[in-house]
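Okay, here we've got a single chain as structure tokens, the form predicted on its own, with questions on binding and movement later.
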Amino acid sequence: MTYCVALRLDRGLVFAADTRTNAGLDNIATFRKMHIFEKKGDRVIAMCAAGNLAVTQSVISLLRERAHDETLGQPTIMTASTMFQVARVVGQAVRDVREIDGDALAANSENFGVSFLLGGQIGTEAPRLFQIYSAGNFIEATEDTPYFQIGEHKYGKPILDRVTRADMSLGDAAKLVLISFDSTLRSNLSVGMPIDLLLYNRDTLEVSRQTRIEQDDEYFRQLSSGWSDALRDAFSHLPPFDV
């Protein structure tokens, strides 16, 4: 299982993804699920992946190969002129991998199911954020819904619903995302650290704020403990229920 989340804010974008893969109780491994495509001064594009690992890796590899293929005669993730066109490129890559591997997976009762969070900025266009589905179709984040989650999303969703604001700072957004992860980690063992975190400042067109939160990260430990204490304190101050 996986948990990935991305926010589109006035000041830029925030992405976070766990790194645990689970093919059974005795087959747990760590794989990066956040992938970045960057051309400084021109574009920054980030993708987070959930679902069948073999399929998501095939999609990312296909996108990277095509990015440097000048003979294609069609837009690639590094040449598309808008983020909408990039989303179409990624959607087509998903469909192409399904055409190649879909029948073989189905014959072995394997699930093709994949999903991606795709966001970034190209040139002077405002940053945009999309969620791409297994069929290659997608939706875009809006003012009403400025964030997306994929994977094991239900435990981390309540805090995002209550706190997310388009005008919040990227630092506050990162703190919010990590609290969302803490809630998920406490309730679902199939999501695991390390957590890859990316903060993209609008109009910089380069990746300058990226980190990996390890199991022994002191800030994350303090955040988790502080959030638990704050919840218990808030609960204790709520009016009692009179039976």
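The first residue of the shown sequence is 1; numbering continues from there. Please read these numbers as outputs of a predicted model, since none were measured by experiment.
Only in words, not in the display: the form predicted together with a further copy of the same chain, which the text now covers.
Exercise for the section: Let me know the one among Asp172, Glu125, Glu110, Asp101 whose heavy atoms come within 4.5 Å of a further copy of the same chain in the predicted bound form, would you? Expected result: In short, Asp172.
Problem - Of Val191, Ala50, Leu199, Met47, the one that lies within 4.5 Å of a further copy of the same chain in the predicted bound form (heavy atoms) - result: After the contact test, the surviving option is Leu199.
Exercise for the section: Report the stretch among 214-222, 30-38, 66-74, 52-60 that approaches a further copy of the same chain in the predicted bound form to within 4.5 Å, counting heavy atoms only. Expected result: Correct option: 214-222.
Practice task
Answer yes if any heavy atom of Phe138 is within 4.5 Å of a heavy atom of a further copy of the same chain in the predicted bound form; otherwise answer no.
Solution key: It does not: once a further copy of the same chain is placed as it appears in the predicted bound form, Phe138 has no heavy atom within 4.5 Å of it.
Problem - Close approach of Arg88 to a further copy of the same chain in the predicted bound form, 4.5 Å, heavy atom - result: Contact check for Arg88: no, nothing within 4.5 Å of a further copy of the same chain in the predicted bound form.
Problem - Any non-hydrogen atom of Val207 within 4.5 angstroms of a further copy of the same chain in the predicted bound form - result: Val207: no contact with a further copy of the same chain in the predicted bound form.
Problem - Any non-hydrogen atom of Ser228 within 4.5 angstroms of a further copy of the same chain in the predicted bound form - result: Answer yes; at least one heavy atom of Ser228 falls within 4.5 Å of a further copy of the same chain in the predicted bound form.
Practice task
Quick one: name the residues from 223-243 with any non-hydrogen atom within 4.5 angstroms of a further copy of the same chain in the predicted bound form.
Solution key: Those in contact are Leu223, Gly226, Trp227, Ser228, Ala230, Leu231, Arg232, Ala234, Phe235, Ser236, Leu238, Pro239, Pro240, Phe241, Asp242, Val243.
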